[in-house]
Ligand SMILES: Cc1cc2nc3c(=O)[nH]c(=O)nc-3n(C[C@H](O)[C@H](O)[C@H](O)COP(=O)(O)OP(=O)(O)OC[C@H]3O[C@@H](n4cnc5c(N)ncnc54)[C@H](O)[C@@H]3O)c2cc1C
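The chain below stands alone and is given in structure tokens; this is the form predicted alone.
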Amino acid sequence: MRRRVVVVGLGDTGMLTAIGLARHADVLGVSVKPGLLSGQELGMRLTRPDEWARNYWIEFGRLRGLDRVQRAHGEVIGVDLAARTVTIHTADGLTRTEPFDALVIATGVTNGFWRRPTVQSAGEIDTAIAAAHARLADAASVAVIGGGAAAVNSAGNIARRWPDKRVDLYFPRDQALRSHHPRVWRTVSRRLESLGVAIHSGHRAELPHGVAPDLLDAGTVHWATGQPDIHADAVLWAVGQARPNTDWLPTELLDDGGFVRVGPDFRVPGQPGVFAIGDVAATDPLRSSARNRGDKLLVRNVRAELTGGRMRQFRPRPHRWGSVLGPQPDGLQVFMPTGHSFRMPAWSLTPIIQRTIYRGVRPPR
């Protein structure tokens, strides 16, 4: 008899996990969005939204790999671990309870205006993406606050798309991309300077009310490090205040930061058949299972859990790796954990993403 797996969260990692498991079990995927709305490539989303949507905003019905996955559009509002059920509040206002033999938690994090756990329709998503693009297009000056990949990616892409704008990147340390190998920042900073981005290290922003705003409004930024205030027509806050989407889970499953505690095999300690992966899972300080194709290992381990097989362990990388600036006209520069890089030609990216990673994408209607 085929077992039943519920995957809560169909972002990049959850969707790939559901696709992999659907060959071996009956899978129900639950998502607050009606399609894959990736949190990747923020700068491209803001500056080239139509091009970005080709690979990063795809309605689920177009993804061939999900044909064998049941889907529920809504929010999981509770879980009964003893009864092995989840409760879903659907987008059409109904409440239903679904059983599981195995549960995969892949609900990700809330991070700025581009990653929110709210239930949305396709039309609402399109409107929000277009509004953010229009807001930036109208701004003569843009201040990007933050030193992580999202901030650096955004600053570079804004400067490339609108070379007449003033684009400033502010971060608190002596260099940005501190989760990457030091070579990465040396390479990327030169690229940013060639694009006209003004780089300001040693600037730690004062967060209004202790929380970074999640809007692209004009504003004044005050500095805890003593520099004069600055004003910009659009302020993009990307300061890494990721909040895990775990309000629906019992607190005993969570660490002090609200992330799901997991072992090296992605299992939640003391909870047979319950797994977590991606940005919501406390696998390591970088929560790197979201970026190291941890879905393949998780699929294997869920199958092992259901059949009595042997588990394998996830081995996190010491540094973040992958692209930083995202797809560019000259291709995609991919950084390895060592800080060295290679370049993929621009023409190859969509076939690799849609055919190899996503297992096939139908054309839009």
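Note that the structure is predicted; figures quoted are calculated from it, not measured. Numbering starts at 1 and runs along the sequence shown.
This next part talks about the form predicted in complex with this ligand, which is not shown.
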Quiz item: Among the candidate residues 322, 331, 316, 339, which is the single one with a non-hydrogen atom no more than 4.5 Å from this ligand in the model of the complex?
Solution: 322
Practice problem: Note which of 46, 63, 297, 32 lies within 4.5 Å of this ligand in the model of the complex, where distance is taken over heavy atoms; exactly one does. | Solution: 32
Practice problem: Given that the partner is absent here, state which listed stretch (258-266, 106-114, 166-174, 133-141) has heavy atoms within 4.5 Å of this ligand in the model of the complex. | Solution: 106-114
Quiz item: Does residue 162 make contact with this ligand in the model of the complex, using a 4.5 Å heavy atom cut-off?
Solution: no
Exercise. With heavy atoms only and a cut-off of 4.5 Å, decide whether residue 291 touches this ligand in the model of the complex.
Key: yes
Exercise. Report yes if any heavy atom of residue 245 sits within 4.5 Å of a heavy atom of this ligand in the model of the complex; otherwise report no.
Key: yes
Exercise. State yes or no: in the model of the complex, is some non-hydrogen atom of residue 273 no more than 4.5 angstroms from a non-hydrogen atom of this ligand?
Key: no
Quiz item: Though the partner is not shown here, which residues of 152-185 have a heavy atom within 4.5 Å of this ligand in the model of the complex?
Solution: none
